[in-house]
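In structure tokens, one chain follows: the form predicted alone.
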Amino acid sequence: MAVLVEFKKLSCLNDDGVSIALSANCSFSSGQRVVISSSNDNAANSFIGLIAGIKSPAAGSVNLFGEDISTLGLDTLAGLRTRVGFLFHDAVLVSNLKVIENVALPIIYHSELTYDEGIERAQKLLDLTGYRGEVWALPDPLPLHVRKKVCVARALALAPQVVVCENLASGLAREEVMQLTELLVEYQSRRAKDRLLILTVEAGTDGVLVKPDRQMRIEGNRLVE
């Protein structure tokens, strides 16, 4: 198994300026499904932001596919990000693009597929999530649970090696959580030796649907196992 995400002597500042020592040393490898529970939304959000490279560590480093992302130029970092699918809890979509265009956008920009081929792939991904709305509608009026389906489709658009989800269950009914969780687990399982799935969940939330290999928690602003 290859190490895909690694924290080294890592600490950062949350939105309130409080230091978070997420992990002195911690790594996540291909073939793993990991559930991380937390009662601290800021800490969970910081964890995702560090992997995405949109949050910088106060100390230590974040390695993605063996590269210290703090040392990379924007183009190189953008290339690495195409290998990671992100799902943030607020399910933000590009408001002036149609639903299907939101899903197709990374395909069109970061693959060799044509526009029409990208749209076709986006439609198949939306079908997989159970999205049944109008694909040429704008996303802002959609309820949260429907936007999350669109976000799952977009996260999988480039067949990423790593998928990171922040509180996927938030705002969803249990059957909707089951449907999307099963889709993500099945996606990781199809090429389990190459893929990593990480989900953060609210403390007390049942993560058994993921069938995790590792269960961790953010406790006192520290990531522990």
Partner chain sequence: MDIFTSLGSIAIGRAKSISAVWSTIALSLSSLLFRFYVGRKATLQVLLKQVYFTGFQAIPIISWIALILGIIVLTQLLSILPGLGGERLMGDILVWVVVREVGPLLAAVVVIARSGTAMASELGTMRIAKQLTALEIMGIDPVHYLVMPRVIGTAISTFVLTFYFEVVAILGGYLLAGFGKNITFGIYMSSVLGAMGLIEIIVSVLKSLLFGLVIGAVCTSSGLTCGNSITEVPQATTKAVIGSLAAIFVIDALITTLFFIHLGL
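Numbering follows the first chain given and starts at 1. Note that this is a predicted model, so its numbers are computed, not measured.
Another form, the form predicted together with the partner chain, is not on view; read the next lines as being about it.
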*What is the one choice in 97, 144, 128, 72 with a heavy atom within 4.5 Å of the partner chain in the predicted complex?*
97
*Mind checking whether each of 54, 101 and 115 has a heavy atom within 4.5 Å of the partner chain in the predicted complex?*
yes
*asked:* Is residue 135 part of the interface with the partner chain in the predicted complex - any heavy atom within 4.5 Å?
replied: no
*residue 81: heavy atom within 4.5 Å of the partner chain in the predicted complex?*
yes
*Hey, in the predicted complex, does residue 149 get a heavy atom within 4.5 angstroms of the partner chain?*
no
